[in-house]
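Just so you know, structure 1 and structure 2 below are the same protein chain in two forms, each on its own as structure tokens.
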Structure 1
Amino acid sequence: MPTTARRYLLRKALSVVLTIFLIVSLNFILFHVLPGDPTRVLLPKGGGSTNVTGGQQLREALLSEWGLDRPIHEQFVIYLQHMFQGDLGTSITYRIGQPVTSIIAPRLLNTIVLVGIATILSIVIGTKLGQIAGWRRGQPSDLAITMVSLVAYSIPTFWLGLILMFVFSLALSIFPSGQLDLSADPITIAQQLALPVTTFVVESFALYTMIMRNSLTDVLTEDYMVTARAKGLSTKRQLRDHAYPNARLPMITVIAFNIGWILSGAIAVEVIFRIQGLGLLTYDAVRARDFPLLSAAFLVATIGVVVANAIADVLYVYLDPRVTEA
């Protein structure tokens, strides 16, 4: 590997580490600037007996474990120590007394399967439609694809999900809703994923379509494309060898950013279809005012975005060597 590329990768690795540290710090600050003691939700308003069995004992244990009765700088050091040990905290309202990691872990696979499949389909469909629209810009196919993409992009996710559920689940009873059992057979899993994946894809593919179309439209006006046509290259070779390799570069950043958000789940989709993923878990944590659980969900989502974008930057080194020369 050239020295320039090694230096670039080293700088990128240091940047990722620094960014994750800043995210962890921000995560700590966001949930400590709130007024009052977050463990007070374990106790009823006005004092008296606890609203949960052992609530007072759990509160005292959390105060001691996380140093919530100490100065803020000592709390931050304790928080970092727990992070390095993989301890993201203890649930205080959603599932009282359980480690946050044991709550998040089972939900993670459901989210990766649901949002991962939907994201891949969105990328494939959107990229292909964008290529067709960009190559045939101004023609009826371009106008049709652009119109369909804009309409799909403007449809509210919750509205589309409810309509699909009402028609195909309640009225026609074709697909089930409100469940995802990954231990079932593949056909059952596909049926369970059909409606939420369709909702996600309709919401997401338009972004990739428009970006690819606009990027390809810009590329087709470049001098090297004029030269390729003058040399008599076939349309397939013009697209494969010259247009697509250059048009895909802006797509990488968008794809990496959206792939990074896979770990956060699709909150609207998961809430509507009651898919037990991280999106629904985040929603439930907000409603339950479970600060440790909400903090962990935020941390997982943001770190996923950082790592995905770092991978995209590394890919740029191989797809466009000029990046290391900047």
Structure 2
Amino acid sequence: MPTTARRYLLRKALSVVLTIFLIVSLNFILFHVLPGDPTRVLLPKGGGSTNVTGGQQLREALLSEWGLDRPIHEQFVIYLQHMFQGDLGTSITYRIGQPVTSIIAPRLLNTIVLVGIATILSIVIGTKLGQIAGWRRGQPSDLAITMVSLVAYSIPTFWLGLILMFVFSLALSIFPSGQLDLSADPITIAQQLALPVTTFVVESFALYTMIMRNSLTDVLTEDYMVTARAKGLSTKRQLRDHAYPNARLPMITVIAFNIGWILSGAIAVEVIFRIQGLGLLTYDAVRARDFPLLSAAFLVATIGVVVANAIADVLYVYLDPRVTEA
């Protein structure tokens, strides 16, 4: 590996570490500095007042256990120490007293399976449509694809999920509306995933269509495309060998950039189809006002996005060595 590439990767790695540190800090600010007294969340009724037997003592005990009676910078250090030991806190509603990590870990797999399958399908479909639209820019097929993409993009995910569930599970009873169980046989899993994945794909393919369309439009004005045409290559070969590979490159950056957005779609899909993933956990945590759980789910999701971003960046170096020169 050339030195420039190595230096580039090193710089990337440093930036990832810095970003994760900033995210942890942001999380601390959001959940520890802003809402005031966290015991009020834990002891909802009468917490902090003396009308509950032992309420005040319990509150003080908790304050000192969490180090909340100490100055804010010391709290931050304590928080970081816990972070490094993999202690993200204790859930206050969901299986009370359970460490948050033990609740999140099994759910992460469900989310990754759902998002993974759906994203690959979205990229395949979206890229294909974008290629057609980009090549026929301004023609009826471009307008049709653009309109379909815009419409799909505009439908709220949670509502689309409801409609699909209503039509296919209840009215036509084609797909079961049972919970996703990854230990079941493949056919059952496919049936359980069909509707959630469809919802997800409808919501997210438009992004790839638009990126591919615009990227291809750019590429088609390049000099090497004129050369390809001058060499007398067929339209198909011009596109397949010269235009598409170059148009796909910026897509990787944009996809990496949108991983957070992609993950966001999972929340609604999981809530509607009751898939036990990170999104449904977020929903349940919000509904139950379980801030430690919410905080941990947010942290895991955000760090996951940063790491995925970094992987995409590294991948890019191998696909297009020019980036390290910049």
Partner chain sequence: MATVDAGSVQTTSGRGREWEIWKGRALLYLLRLWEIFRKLLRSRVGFTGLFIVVGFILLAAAAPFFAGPHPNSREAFRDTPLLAPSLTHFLGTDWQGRDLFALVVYGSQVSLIVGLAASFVSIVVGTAVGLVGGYYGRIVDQVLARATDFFLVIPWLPFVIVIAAILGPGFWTTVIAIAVVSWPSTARIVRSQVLSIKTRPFITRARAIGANDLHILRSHVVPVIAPLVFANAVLTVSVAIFTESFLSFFGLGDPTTVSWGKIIQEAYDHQVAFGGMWWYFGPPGVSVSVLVLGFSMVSYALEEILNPRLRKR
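Each form is matched to the other, and the largest set of C-alpha atoms that superpose within 1.5 Å is called the rigid core. None of the values given here were measured: they were computed from a predicted structure. Throughout, residue numbering runs from 1 along the sequence of structure 1.
Each structure shows the same chain on its own, and structure 1 is the form predicted alone. Once both forms are fitted on their core, the CA shift for I189 between structure 1 and structure 2 remains under 2 Å. For S141, a C-alpha deviation of 2 angstroms or more is recorded between structure 1 and structure 2 after rigid-core alignment.
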